[in-house]
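The chain below stands alone, shown as structure tokens; this is the form predicted on its own.
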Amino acid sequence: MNFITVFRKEMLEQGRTYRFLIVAAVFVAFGLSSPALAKFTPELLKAIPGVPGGIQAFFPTPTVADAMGQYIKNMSQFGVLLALLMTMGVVVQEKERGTAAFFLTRPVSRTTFLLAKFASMTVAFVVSLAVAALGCWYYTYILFEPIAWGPFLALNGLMLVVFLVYMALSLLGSTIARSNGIAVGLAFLSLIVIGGIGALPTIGDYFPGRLFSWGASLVLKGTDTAWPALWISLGIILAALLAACLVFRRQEV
């Protein structure tokens, strides 16, 4: 059974378990709402009864930068959580139910089994993020002004790389774990470690979280770059997938 056949099976599983629908719904909701939140939140605050007029003067007029900041904030928080939640059980649950052992009795390599799962989740995130980005771009155009497509696509591509980092680490944790509880713990441990190190000065410039600020700089015509963070992020993805395949080859399922 080749990779394409296993990949199709995983895509069908995405539909049956509603993973694809959940990712798409969350991404599209935040993609559409982010420009609106940036536009109307100051107006809503000004409309609160009892707010002195002097304080209202401090509410700045929202701009494209606010819309992009809201979009990046929402997607960075909920996109990373989705990457962990949607991936952390994909292997360990099949091991617990015994379906992995049944499936691997067919002519399917364990590497193909894992990579097909990762590829199907990647497709779900790519499609969902593309629709969310289209909605965000359109509402930013309506409520503010048009933004250049090239930098905006680059921003979303960089965000996707960050999501893939956490998906790969979560897949590794799900492969290592013998129970769903352990897989959950390992997934969120990766979030704490990567996020904690990324918050450190200087060192954080080389970690995935740095890609969000680079993407924002691209859209807002800044000069900020973070090539080392991109290469290290891609390296983490490859290393996590390789480690997952090596661990899975040696496991009894």
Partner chain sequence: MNLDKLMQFIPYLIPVLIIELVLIVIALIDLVKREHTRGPKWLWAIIIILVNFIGPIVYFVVGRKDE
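Here the structure is a predicted model, which is why all the values come from computation and not from measurement. Positions refer to the first chain, counted from 1.
Another form, the form predicted in complex with its partner chain, is not on view; read the next lines as being about it.
- For the candidate set 186, 218, 26, 211, a heavy atom within 4.5 Å of its partner chain in the predicted complex is found for exactly one residue, namely 26.
- Taking the partner from elsewhere, residue 224 is found to have every heavy atom lying beyond 4.5 Å of its partner chain in the predicted complex.
- Though the partner is left out of this view, residue 44 does reach within 4.5 Å of its partner chain in the predicted complex, counting heavy atoms only.
- Using a 4.5 angstroms limit between non-hydrogen atoms, residue 21 touches its partner chain in the predicted complex.
- By the criterion of a heavy atom within 4.5 Å, residue 80 is excluded from the residues contacting its partner chain in the predicted complex.
- Annotated contacts: 166, 191 and 194 are all free of its partner chain in the predicted complex [non-hydrogen atom within 4.5 angstroms].
- Here the chain stands alone, but in the predicted complex its contact with its partner chain, taken as any heavy atom within 4.5 Å, falls in 80-88 among 80-88, 148-156, 67-75, 122-130.
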